[in-house]
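First, one chain by itself: the form predicted alone, in structure tokens.
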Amino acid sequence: MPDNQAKTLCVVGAGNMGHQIALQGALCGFQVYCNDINESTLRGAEEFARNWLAGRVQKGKMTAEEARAVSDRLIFTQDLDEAARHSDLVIEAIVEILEVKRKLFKRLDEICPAHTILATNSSYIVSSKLADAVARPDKVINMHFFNPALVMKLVEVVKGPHVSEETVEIVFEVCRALQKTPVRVNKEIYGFVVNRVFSAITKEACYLLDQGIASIEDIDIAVRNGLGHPLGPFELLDLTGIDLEYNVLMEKYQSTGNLNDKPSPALVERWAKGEYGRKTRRGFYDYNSK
């Protein structure tokens, strides 16, 4: 069991990010509740965990007993009260829409014990926009994991003006117990550190595509081979989700009114068709034959 103040985690949102964060927690000795309102999403998350653990056993990287212990620590439930009422730390990983998050945080504030930290995995929405929805603003914080959460080591921990030092310290301890590398972001800023750099690259990549300057494939090849990135910008958008990028950019545009913040035609076209990337088997690339 991790030697820190948080022993029980709750992850709200069982999508690609949420279920991997939850599984990582169980692998590292935490008792974890994974919650989602969508039954099929929750069942998919449970199936992913079961297959992932079975694969580790088959490869000899984990014993069957160890896999069972991890599975026993990971509970999937549609009941938010069951998931959150005993948790020391809640990690929200739901849709990137501010009002939806505010409603969830208000509900979590009613359910959770007074000491519980309420973290958002949001990649763009700063926690100060959620803090006034609860009676514990000093315990509301950004804890931003990267996709895929089972593999990527980095977690951005953002200290908004309302966040206590104690909260930051506990979240850092949890990150390390999760075998992650936390970085402290001292001030709230849109996109934090990594996504500000990523957004600049993807915006320019989409501009080049929209203007017909280069193809999807050639832009990705150029970035991989010229800049040394493991994935090109369109490959990465397909991995993280075109719908996520669209929602993030629309949230920004609606808050600023700046036309330069609107999603590019290339993103809008695919979002409108429901082609979100790997999770829908089609995005900038077609994955149906792979």
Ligand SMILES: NC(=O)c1ccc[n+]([C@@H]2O[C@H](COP(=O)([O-])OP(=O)(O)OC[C@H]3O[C@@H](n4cnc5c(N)ncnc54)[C@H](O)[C@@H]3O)[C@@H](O)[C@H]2O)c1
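Small disclaimer: the values here were computed from a predicted structure and weren't measured. Residue numbers here begin at 1 and follow the sequence given.
Quick note: we don't show the form predicted together with this ligand, though the next part is all about it.
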* To do: Using the partner position in the model of the complex, report whether D220 sits within 4.5 Å of this ligand, counting heavy atoms only.
  => no
* **Close approach of K279 to this ligand in the model of the complex, 4.5 Å, heavy atom** => yes
Contact of N147 with this ligand in the model of the complex (heavy atom, 4.5 Å): yes
**is_contact(A69, this ligand) in the model of the complex, heavy atom dist at most 4.5 Å** = no
Testing 46-54, 257-265, 32-40, 220-228 against this ligand in the model of the complex with a 4.5 Å heavy atom criterion leaves exactly one stretch, namely 32-40
The one option of T202, S123, T167, T116 with any heavy atom within 4.5 Å of this ligand in the model of the complex is S123
The one option of A83, A93, I141, V90 with any heavy atom within 4.5 Å of this ligand in the model of the complex is A93
- Item | Contact check for V12, N16 and V100 against this ligand in the model of the complex, heavy atom at 4.5 Å | yes
